[in-house]
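Single chain ahead, by itself, as structure tokens, in the form predicted on its own.
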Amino acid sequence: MLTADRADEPEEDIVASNPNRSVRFKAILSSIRSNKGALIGFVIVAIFIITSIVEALGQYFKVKVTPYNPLQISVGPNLAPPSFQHLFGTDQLGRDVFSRILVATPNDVGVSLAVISFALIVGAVVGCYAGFHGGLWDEALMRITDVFFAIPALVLAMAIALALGPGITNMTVALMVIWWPPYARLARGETLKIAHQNYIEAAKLSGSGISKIIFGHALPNIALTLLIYASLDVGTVILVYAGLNFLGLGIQPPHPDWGEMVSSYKDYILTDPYLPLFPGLIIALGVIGFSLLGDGLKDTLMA
């Protein structure tokens, strides 16, 4: 039971006394530096994000960032192997493969981060409300998530993308629709763990409403677990997004995308293997980078 003195403490003291308070940014960076896997993952992720930002700004301000125009044909000989002039070679139309991969980076990385951000926010709010309200609210919200779990995520994403039509916006919406339920489940489970902690009970006794408790107390204290899960999950989104583009459900040619490039170049795997190899390696590198970062954060911050 809480004593009257405890219930009368200022809200700031109650929150500060919670041992599960989210780790500060400096502590997270220190943990990354102390873990080789996390550091390697952080460097890879940083390169992808910086490249995405630079390329996106270049496209917006119409400043040339890539060595060649990724849509221009015959910038070099057709099917030229990798060289100093064309780092990843040229494709069957003489387009520079390296430039096409660079231009595709903001889309692949941006869509993945947008999907994860949406899933994290929606899932966290839904899970917290379900965990704190309980009863009918909990039952209704969790049954809705069960509907999404009953259908394979990739199949559902393909169905939504086909219904909306091809395009990067429709693909992003399709992935957002299917990606939040695991976060809701995770947030609910973490909320149930802290629902009867002293600082939560004290907040209730002080007259705080459910929304204030959720946004002021619960979410900050389960954020670390959700963020670690999200960092592990970005690689999965990259892989699924590339797979859907491989099937032709996303960006349409001639605009480049990693998955679309693997699909377009797959017929050359025996004669010119570098064509599907380089975009495939970039996809793999992105997945590995986010996975290493997530594993490193989990090992160091949850120990």
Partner chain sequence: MNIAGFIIRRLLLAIFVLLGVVTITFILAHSIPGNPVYAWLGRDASAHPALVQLYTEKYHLNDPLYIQYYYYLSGLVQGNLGYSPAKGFIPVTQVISETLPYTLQIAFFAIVISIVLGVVLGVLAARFHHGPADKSIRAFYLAGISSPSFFIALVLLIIFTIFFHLLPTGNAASLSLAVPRAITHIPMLDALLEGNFTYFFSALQHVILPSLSLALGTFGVVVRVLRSSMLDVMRSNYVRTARAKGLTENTVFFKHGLRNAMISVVTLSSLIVTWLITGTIFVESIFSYPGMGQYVYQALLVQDYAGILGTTIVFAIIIILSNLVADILYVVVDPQIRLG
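The structure displayed is predicted, hence computed values, not measured ones. Numbering follows the first chain given and starts at 1.
There is another form of this protein, the form predicted in complex with its partner chain, and it is not shown here; the text below is about that form.
Contact here is defined as any heavy atom lying within 4.5 Å of its partner chain in the predicted complex, and by that definition each of I151, A159 and L292 is a contact residue. Under a 4.5 angstroms non-hydrogen atom cutoff, its partner chain in the predicted complex lacks V63 among its neighbouring residues.
The shortest heavy atom separation between L136 and its partner chain in the predicted complex exceeds 4.5 Å. A residue is said to contact a partner when one of its heavy atoms sits within 4.5 Å of a partner heavy atom; I269 meets this definition for its partner chain in the predicted complex. Although the partner is absent from this view, I28 stays clear of its partner chain in the predicted complex, with no non-hydrogen atom inside 4.5 angstroms. Per the 4.5 Å heavy atom criterion, its partner chain in the predicted complex is contacted by stretch 160 to 168, the sole one of 75 to 83, 160 to 168, 118 to 126, 193 to 201.
Taking a 4.5 Å heavy atom cutoff to its partner chain in the predicted complex, the contact residue among I251, V45, L247, L39 is L247. This chain is drawn without its partner chain; in the predicted complex, the residue among V147, L205, L87, I210 with a heavy atom within 4.5 Å of it is V147. In the predicted complex, the residues of 235 to 256 lying within 4.5 Å of its partner chain by at least one heavy atom are, in order, T236, L239, A242, G243, F246, L247, L249.
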